[in-house]
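Below sits a lone chain in structure tokens, taken as the form predicted alone.
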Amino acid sequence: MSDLIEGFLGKSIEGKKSRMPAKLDYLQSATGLFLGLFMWGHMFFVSSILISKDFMYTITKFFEGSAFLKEPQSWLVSIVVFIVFVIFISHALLGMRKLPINFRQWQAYRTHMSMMKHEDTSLWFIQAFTGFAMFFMGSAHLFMMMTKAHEIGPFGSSDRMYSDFMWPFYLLLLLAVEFHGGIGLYRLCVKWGWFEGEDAKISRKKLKQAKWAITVFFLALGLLTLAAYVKIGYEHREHVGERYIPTAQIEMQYDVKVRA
């Protein structure tokens, strides 16, 4: 009964305001922080292709358990992606609480934004827009990675970009992720007072500069990485579906043939 009263009135039986909004805010912040940091790590992982195909292959097999298994297993990656998917959907549902749900709310927000001309208010709009786009694009990407983890690799990932013509999709996803994530982490720092010095205005200015520097860095890294996968996919277009064989393994096979 107390839950029903709190649900209708927003107050407990004792007349206190519900703590549920604060708890949901905390969960939204926690899931957002996890996803933001995960995306930074993920970007460094996929950008390993810029070093070499062998290096990217080695990292892929590491995540498949090559360090402790005789035969790497792609289902380990699927499990990790599934966990990230659940957190991603949870974060999206928590974030939807704050979106305008009808035209009047949207009109009030737009009027408020145009009158104040406050950068942080405008940043929230960009975050909300990119978050809405990511709900669909991010879900599609995570589902593909979860069900096709065995295809992740120098050739498999590159074939998806070029031969499957997925690079426009990933270009839009890159833009949405980097703007949404960068703004989200900046807003988390402001909201919870992280890295706040004696002068809040100066701290916020420095945080904003750091946010844009990080966004530009990861956008540049992402674009270079996307271009590398497209280039490899173009060069591999006549052999779509062929699995990548690391250089060391090819050399070993060659030595065996020569000795034979």
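None of the values given here were measured: they were computed from a predicted structure. The first residue of the sequence shown is number 1, and the count goes up from there.
Here the subject shifts to the form predicted in complex with a small molecule, a form of this protein not shown in this document.
Q) Within 4.5 Å of the small molecule in the predicted bound form: all of F45, S157 and G222, by heavy atom? A) No: no residue has a heavy atom within 4.5 Å of the partner.
**Q.** 4.5 Å heavy atom contact, L33 and the small molecule in the predicted bound form
**A.** The answer is yes: L33 has a heavy atom within 4.5 Å of the small molecule.
Q) Is L188 close to the small molecule in the predicted bound form, meaning a heavy atom pair under 4.5 Å apart or at it? A) The answer is yes: L188 has a heavy atom within 4.5 Å of the small molecule.
Q. M145 near the small molecule in the predicted bound form, any heavy atom under 4.5 Å?
A. No, M145 sits far enough from the small molecule in the predicted bound form that none of its heavy atoms falls within 4.5 Å.
Q.
Can you tell me whether L99 touches the small molecule? I mean in the predicted bound form, with a 4.5 angstroms heavy atom cut-off.
A. Yes, L99 lies within 4.5 Å of the small molecule in the predicted bound form.
Q | Proximity to the small molecule in the predicted bound form, single hit among M161, V177, I152, V77 (heavy atom within 4.5 Å) | A | It is V177 that has a heavy atom within 4.5 Å of the partner.
Q. Exactly one of S203, S29, T215, S66 has a non-hydrogen atom within 4.5 Å of the small molecule in the predicted bound form; which residue is it?
A. Result of the distance check: S29.
Q) Pick from 67 to 75, 161 to 169, 106 to 114, 119 to 127: which stretch has non-hydrogen atoms within 4.5 Å of the small molecule in the predicted bound form? A) It is 119 to 127 that comes within 4.5 Å of the partner.
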